[in-house]
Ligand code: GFB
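Single chain ahead, written as structure tokens, the form predicted alone.
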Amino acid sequence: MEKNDIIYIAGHRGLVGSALLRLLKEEGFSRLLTRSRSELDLTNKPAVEEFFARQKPAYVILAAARVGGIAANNEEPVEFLIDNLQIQNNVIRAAFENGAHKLLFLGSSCIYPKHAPQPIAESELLGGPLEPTNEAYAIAKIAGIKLCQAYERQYGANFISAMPTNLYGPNDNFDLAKSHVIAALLRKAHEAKMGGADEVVVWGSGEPRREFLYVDDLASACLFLLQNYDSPEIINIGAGQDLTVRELAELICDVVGFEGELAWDRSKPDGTPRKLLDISKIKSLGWQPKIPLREGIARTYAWFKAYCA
């Protein structure tokens, strides 16, 4: 990659895309293409084709997706499946047809089977049934992986796919109806503290184990892969360690300064029992995460107070 290459970041306003945009600017890349949803609807095939034909990006980072937590995934499987398939198909096809040198497709750790051996190696893809609560999203992401691999196999396209673990950080979605666990718990703990509440209600039992990666670490991994990885085989990006949801909730309450109790709503789903990625593949290439969980949560909470509270 050269500093004057045209790089298109699809989804630059989201959690992942905004971190990538910040990093690429810091690293001196000067020709960064971005379009908001109102400027370019990625589900609109003719609009995507016209954009790529006009702009001819050399590198494409596909971070745009319809995303959400357990509730949104469970309640809107049709939208999660159709919208993500349309976005992926349109961007990947247009990138190839307009001569992109390389494309990075960002998948998700939810592509792996619900009961995959831990930590989860890349070879576990399609090794068993998915977690039902986010099956539609996972299937869409698997289709994106397979489309990138098909373009490589049939046409030799340098289209790579990375599978991030659970992410958090600035520009996360703190809407309780759509947010992921860290954003939701940060907001709940903050509002409970400010309102003088005695407890915070957390979904599920608190027993599942989860891994979390600060989004700036993901951005550094993406740039590393764009510069150093050319295989169509998927590659995991994670933190390399996990903790229980109960331990996470306690840590968040400590960072926020909420001193009340945690109440567990066991009528709500736990999701996958454990989800820890095997990141030995990317570490063997020379990348590893740098930001500890507590530090990342503190940074995220500071951002939330500045922009959302």
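All residue numbers refer to positions in the sequence shown, first residue = 1. Computed from a predicted structure; not experimentally measured.
The same protein has a further form, the form predicted together with the ligand, not shown here; the description that follows concerns it.
**Q** For this chain shown on its own, do Y137, V181 and P208 all sit within 4.5 Å of the ligand in the model of the complex, going by heavy atoms?
**A** Yes, the whole trio is in contact, each within 4.5 Å by some heavy atom.
**Q** Using 4.5 Å between non-hydrogen atoms, is V245 touching the ligand in the model of the complex?
**A** Yes.
**Q** Applying a 4.5 Å heavy atom distance criterion, does E250 contact the ligand in the model of the complex?
**A** No, E250 sits far enough from the ligand in the model of the complex that none of its heavy atoms falls within 4.5 Å.
**Q** Would you classify K188 as touching the ligand in the model of the complex, given a 4.5 Å non-hydrogen atom cut-off?
**A** Heavy-atom contact with the ligand at 4.5 Å: present for K188.
**Q** Please tell me whether any heavy atom belonging to D270 falls inside 4.5 Å of a heavy atom of the ligand, as the geometry stands in the model of the complex.
**A** Taking the distances in the model of the complex, the answer for D270 is yes, it comes within 4.5 Å of the ligand.
**Q** Just one of 250-258, 24-32, 63-71, 38-46 has residues with a heavy atom within 4.5 Å of the ligand in the model of the complex, so point it out.
**A** Careful reading of the contacts points to 63-71.
**Q** Within 4.5 Å of the ligand in the model of the complex, heavy atoms considered, which of A157, A221, V202, A162?
**A** Answer to the contact question: V202.
**Q** Exactly one residue in A239, A94, C110, L226 has a non-hydrogen atom within 4.5 Å of the ligand in the model of the complex; which is it?
**A** The residue in contact is C110.
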